[in-house]
Ligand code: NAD
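Presented below, as structure tokens, is a lone chain in the form predicted alone.
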């Protein structure tokens, strides 16, 4: 979607915005019993609003609401084409409320308003439209058996699904989890990140407006320890869909084992390598993708292309062009200014963490080519940063920084590039740039990552499974596989006598 407003007009709209600040249970906004927590605008450091702080009792209410709705069958037994209609209308309402969604996420986590309008909002609408169209495509099977038997397999929803989503793409990550869970016929309890709770509340409200039954889609806000952990430990929750840090993702598995052995799908951290071989076709294009792959969304992206593995013959030219173009490609500014493409990091605490990694990179011997500093702006900004001379053993090459910090590592050909790329606890995404079809296929075969791009980065559509290898998680978002992950099979064997 495109909406042309000036910075002043966006600020006026932000000032007139009303915020849903409770929970959303049984089809309405309600206050919880756990007090309030503060949501801060990271661009200014000022308080945006206060939101109900959920407790284990609030989680119980939300899960019970979802369980009652599931037992009634008003959603799971609704004709699939009718569920399709509700979710299709919800997709249209997301688009119709695009400005409001854009403002909510921009004000909560600092994403530039232009990015919200061009990417996050339409992608969220597309997600619901895609899974809506899959609602009546869930089928079972009849198997070949002996003449005295008839065997068929049904695919059914799981029950109540807990969706725990992060702050870097608040609306879109909620859509990636909630849409397939709903399309499969489940009830949902969404737990947004405490830094960015507002767009999830609006999403649940619009589900009711689209014709969804009350109790099917509930939202509980709060801190992870107070609401996320009780949701993951809840014995009436049948699955947790989680996107967030690897550390917390591991806890989701522990909580599942400590409770009811619920299913868990995880999309966790990443340290994605971009491999640039000497025979690539267009160095300027490759550098542009490298810049956008790490500086886009302030580097707060799970699959950010943060490790630049550059073949030795082109390394000097690559770094020189990255410096020339990268130091001015992203400018920090007011995220409500349509010209801004680099907003603040989500919190002052996170900025301190990112700056700590930059200082450690310098101490460990990496060469700071540009950035590494804080612009003279209110809020939690960090300027785009490039390191060269990085060794893969360095901290900035091994740990997820989740900020606009690129690490250039020189490699000698494809074999070394693959060894370095796979020398990581993560395996979310990777790319390779080459004109050689054999090298491209070898890289796809040997890279230990769930998503691999050839001669591009971060391309794809809803048919593309998104998820990782190793400690980047398990399970997949988007795609048909994601939908089926929110179902279970039932086998019926009929003796014909």
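Numbering follows the first chain given and starts at 1. Being a predicted model, the structure only gives us computed values, none of them experimental.
The protein also exists as the form predicted in complex with nicotinamide-adenine-dinucleotide; that form is not presented, and the subsequent description refers to it.
Report the stretch among 105 to 113, 328 to 336, 409 to 417, 221 to 229 that approaches nicotinamide-adenine-dinucleotide in the model of the complex to within 4.5 Å, counting heavy atoms only.
Answer to the contact question: 221 to 229.
Of 238, 135, 168, 306, which one comes within 4.5 Å of nicotinamide-adenine-dinucleotide in the model of the complex, counting heavy atoms only?
Checking each option against nicotinamide-adenine-dinucleotide in the model of the complex, the one that comes within 4.5 Å is 168.
Find the only residue in 251, 208, 394, 283 having a heavy atom within 4.5 Å of nicotinamide-adenine-dinucleotide in the model of the complex.
Exactly one listed residue reaches within 4.5 Å, namely 251.
Proximity of residue 371 to nicotinamide-adenine-dinucleotide in the model of the complex, heavy atoms at 4.5 Å
No - in the model of the complex, heavy atoms of residue 371 and nicotinamide-adenine-dinucleotide never come within 4.5 Å of each other.
How about residue 255: is it within 4.5 Å of nicotinamide-adenine-dinucleotide in the model of the complex, going by heavy atoms?
Yes, residue 255 lies within 4.5 Å of nicotinamide-adenine-dinucleotide in the model of the complex.
Classify residue 270 as contacting or not contacting nicotinamide-adenine-dinucleotide in the model of the complex by the rule of any non-hydrogen atom within 4.5 angstroms, answering yes or no.
Taking the distances in the model of the complex, the answer for residue 270 is yes, it comes within 4.5 Å of nicotinamide-adenine-dinucleotide.
Residue-level contact is defined here as any heavy atom of the residue lying within 4.5 Å of nicotinamide-adenine-dinucleotide in the model of the complex; does residue 466 satisfy this criterion?
Although nicotinamide-adenine-dinucleotide is absent here, residue 466 would touch it in the model of the complex, with heavy atoms inside 4.5 Å.
Does any residue in 179 to 218 get within 4.5 Å of nicotinamide-adenine-dinucleotide in the model of the complex, counting heavy atoms only, and if so which ones?
Result: 191, 192, 193, 194.
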